[in-house]
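Consider the single chain below, provided in structure tokens and representing the form predicted on its own.
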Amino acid sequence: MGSTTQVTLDVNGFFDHMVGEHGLSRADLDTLAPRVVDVLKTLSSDRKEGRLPFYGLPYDDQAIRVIEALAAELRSEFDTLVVLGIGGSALGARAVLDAIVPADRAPDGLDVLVLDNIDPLSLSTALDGLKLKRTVFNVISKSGCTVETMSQFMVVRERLEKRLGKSSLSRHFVFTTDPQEGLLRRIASEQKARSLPVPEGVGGRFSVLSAVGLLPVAAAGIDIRALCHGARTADLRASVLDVFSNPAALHAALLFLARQQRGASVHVLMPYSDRLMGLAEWYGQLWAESLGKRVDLAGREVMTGQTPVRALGATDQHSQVQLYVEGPRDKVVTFFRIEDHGCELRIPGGYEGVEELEYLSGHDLGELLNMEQRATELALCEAGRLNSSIVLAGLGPVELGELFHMFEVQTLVMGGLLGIDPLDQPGVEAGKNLTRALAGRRGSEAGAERVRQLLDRKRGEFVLA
């Protein structure tokens, strides 16, 4: 494989030559560029010191070989793999599975189902539809204490034991967890089950190119080496110190300026492809959890971040775009356009002389979808609304790998410009602790008292039955 990029970033829609007085100027970007370079240098140093291990995931050939071997083993034994995970343990794999069509997978690939929520009806319905003898469950949690994932695991474990016997547990579970310690690692050892490690220092939302994301993807028959190759290509571009040659840095810089100078506190990702909505969901967690912080690195209260919103073209042209064109100027929109959708579906004729329909005849639906993306982009420009476009040659593992890595680095650059830690998530932990208190976990008595006090604040007059 060569290293030619399959991803093009067009940021014209950020600038005043396209959107008029509400746009940014080239001088704005030139002024910020030295700060961006400083952030890139810091990231390079942190990477060399081993503080950003996710950078190395696409280059870990030994881990890739182990994952490929286990995936081949599972494909020979089962028909279905079910992922039990949540957040970063599920969204990356789902993004790839949604994007890569069956024709681009190995013929012996498993059906892969991602169950990332604990809605009882959804979970029961999904489990009832499985042939358990031909199903393997991939339980993903670094700590082994993730409430939702471990609850799913306990439900599935009981069902397997009742229907297939206790001896089935070691065969029907694969655990992806901490390599050495933690509850799930202990369970994996006790059950003598197959397992893979979550690499040390790799957080969930940066783990898509580790065993967390790669095992389900490889089990589905998707080429994980192509995925990692795309990430390597993006890494070469994202390591360049020239902001104008580095798409991850350039996009981060412009999103930062849009937020700081134009009040764009919302970032809308709008793919013109159903297959990319999973990627938008993955990006939503990456952007929100990494950047939404109460305090900066100096401990000052800043309450910063940029809210990610997912929209789908052309569907949401008829539901959300009205707001984007004429509503508050608090949004920047990033479009995705795929040049080759991998399918041709021509609009037939038969309405010659009918002005409202005749002009559509002969166009391909993918061509029409791309026209609609262009038209919406230009409509935003005319309305003075900031936007950018990411153009993909096609949609396969290489393109996805590029996007994963580009967005991860973009997030770190944005975090550096905001002066916050993009790798932690203290706000998430607060909710987790209160959930454990509500469920009665031992040692959570103080949390239970907090819950009681908070609930006691509610007033009956504001509850309508």
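The structure presented is a predicted model; accordingly, all values stated were derived computationally and were not measured. Residue numbers here begin at 1 and follow the sequence given.
Although not depicted, the form predicted together with a small molecule is the subject of the following passage.
_Segment that reaches the small molecule in the predicted bound form - one of 331-339, 202-210, 377-385, 309-317, heavy atoms within 4.5 Å_ = Checking each option against the 4.5 Å cut-off leaves 202-210.
_Residue-level question: is D98 within 4.5 Å of the small molecule in the predicted bound form, judged on heavy atoms?_
So D98 does not count as contacting the small molecule.
_Just checking whether K432 would be counted as a contact of the small molecule in the predicted bound form - the rule being heavy atoms within 4.5 angstroms._
Residue-level check for K432: yes, a contact with the small molecule.
*Evaluate G292 for contact with the small molecule in the predicted bound form, applying a 4.5 angstroms cut-off between non-hydrogen atoms, and reply yes or no.*
Heavy-atom contact with the small molecule at 4.5 Å: absent for G292.
*Using 4.5 Å between non-hydrogen atoms, is S143 touching the small molecule in the predicted bound form?*
So S143 counts as contacting the small molecule.
*Pick from I86, L127, L250, M277: which residue has any heavy atom within 4.5 angstroms of the small molecule in the predicted bound form?*
Only one option qualifies, and that one is I86.
*Would you mind picking the one in S273, S195, T135, Q285 that has a heavy atom within 4.5 Å of the small molecule in the predicted bound form?*
It is Q285.
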